[in-house]
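Here we start with a single chain on its own, the form predicted alone, put down as C-alpha cells.
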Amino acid sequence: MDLIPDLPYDIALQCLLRLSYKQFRTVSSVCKTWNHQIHLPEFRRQRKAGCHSQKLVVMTQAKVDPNINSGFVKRLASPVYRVSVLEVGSGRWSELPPIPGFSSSGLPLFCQVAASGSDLVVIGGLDPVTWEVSGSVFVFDFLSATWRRGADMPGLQRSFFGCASDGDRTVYVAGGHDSEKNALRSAMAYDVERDEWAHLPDMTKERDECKGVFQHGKFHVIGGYSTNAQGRFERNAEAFDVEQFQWGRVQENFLKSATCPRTCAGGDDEDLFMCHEGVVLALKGETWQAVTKLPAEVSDVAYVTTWQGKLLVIGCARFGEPHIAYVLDLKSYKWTSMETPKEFSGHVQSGCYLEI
C-alpha cells in the first residue's frame, strides 16, 4: 500500500519524516500503514539523520498561580507537579496529559523521569496525597500520546534513588533509601519494551540521594551518603559497565567538594558538567575546571541537562522567585536566555532529554 496515494514512496516518506511529534497521534490513527511506519526504528533513525527530529527537555515541574506579584511566584500551599515539555529548538513550552488517576493530585513527589526511545518513563516517588513511598512505573508513548502502566519496581520500598537511561530501551536505578531510612547499595534495570525488571550486582557503597548519569555504555552513580552519614554527602562515585555487567572501582574524591550531586549532567563526550557555587564546572580528565559563571537569574539551580554541545540550566535568583531557563553554548561559553512563560516558571524536581 502506498504511504500517500499518487505520491512516490520516497516523497511520501519525507512528508511523514517532517511532521511534528505532536501530530503523530493523529497520524497513527489514520491508517495501519502510517502507524506501522512511525513505529519503525528506521523511521526514528531517518528523522535524526535528516535533522527532522525534535529535541525535548521533559520535566516534572510544579504548577504555579498565574498571579505574579513583585517578581515572586505565588505557589500552591501543597505543590502539584505535572510533566512539562520544552522544545529547545523552538523554545515552545507545553504540558503532557496527566497520568490517569493523578489529574487532581499531580505526579508522585520526587519521582524520576527517563527517556527510552520515544517513550517517557516516570518511576517511583511519594504519593502526593498520603506521602507513602510508591514503586509505580508509568510510561508515556509520544507516538500515540497515551499513558500506560508499567511493572512496579520490585523488592523493598525505595525513594530518592539515582536514575538514568541509555536512551534506547533500558532505565537504570540505584541507591536511595528504604522505608526505615537505610541507605541502599542495590541496583536494578528496567527494560521498557519488555516491561521487565532485572536485579544488578550491588554497588560497593550505600548511596542515598545520589545522581545517576549514563554515558558511553556505563551507568555512573555519583555522590550520595551512607546510612550513618545522614545527609553528609560524599565525593566518590562508581560506574556500572553494561557490557561487562559489573561495577568498576570506587572513584574517591570524584566530586570537587562534598555536596549534593543533583546538578551533575553528562556531556556529548567524556565530559561531565556540574553547577556549584555560582559557576559551571566541567570534568576534564580527573580535574574539575570552572568554565563560566552562572547568570545571576539562575544562581539557585534546580535542574541541568545537556544535548549536542548545549547545556540547559533552570533555576532562580532567590527562593520563591520564578524559575527561568538559560542555555550555554559549550564551545563559546555564551549564555542565551530562553523565554519562560509564567505558567512554566515553577520549581523543577527532575527531568530528562528526549529526541523524537
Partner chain sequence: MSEGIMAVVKPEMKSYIWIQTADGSIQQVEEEVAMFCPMICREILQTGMGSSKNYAIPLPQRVNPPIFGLILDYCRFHQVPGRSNKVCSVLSVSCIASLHISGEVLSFLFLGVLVVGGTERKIFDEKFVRMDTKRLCELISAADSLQLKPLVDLTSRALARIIEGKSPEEIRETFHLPDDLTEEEKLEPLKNIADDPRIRLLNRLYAKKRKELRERGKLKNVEVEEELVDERSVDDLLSFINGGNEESKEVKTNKNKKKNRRRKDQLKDSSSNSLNGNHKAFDSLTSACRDGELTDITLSTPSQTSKFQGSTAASFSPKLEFDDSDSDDDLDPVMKEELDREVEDFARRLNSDWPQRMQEILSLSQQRRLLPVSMNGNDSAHRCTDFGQQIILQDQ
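Numbering follows the first chain given and starts at 1. As the structure is a computational prediction, the values presented were derived from the model and not from experiment.
Absent from the display: the form predicted together with the partner chain. The rest refers to it.
Picking from 121 to 129, 154 to 162, 230 to 238, 93 to 101 the stretch near the partner chain in the predicted bound form, with a 4.5 Å limit on heavy atoms, gives 93 to 101. Residue-level contacts in the predicted bound form: of 242, 279, 145, 250, one residue has a heavy atom within 4.5 Å of the partner chain, and it is 145. In terms of contact with the partner chain in the predicted bound form, the residue from 318, 45, 32, 331 that brings a heavy atom within 4.5 Å is 32. For the chain shown alone, residue 28 is a contact residue for the partner chain in the predicted bound form, at least one non-hydrogen atom being within 4.5 angstroms.
Contact annotation for residue 338: none of its heavy atoms lies within 4.5 Å of the partner chain in the predicted bound form. Looking at residue 3, you'd find a heavy atom of it within 4.5 angstroms of the partner chain in the predicted bound form. Although the partner is absent here, residue 22 sits close enough that one of its heavy atoms falls within 4.5 Å of the partner chain in the predicted bound form.
In the predicted bound form, no residue of 173 to 194 lies within 4.5 Å of the partner chain by any heavy atom.
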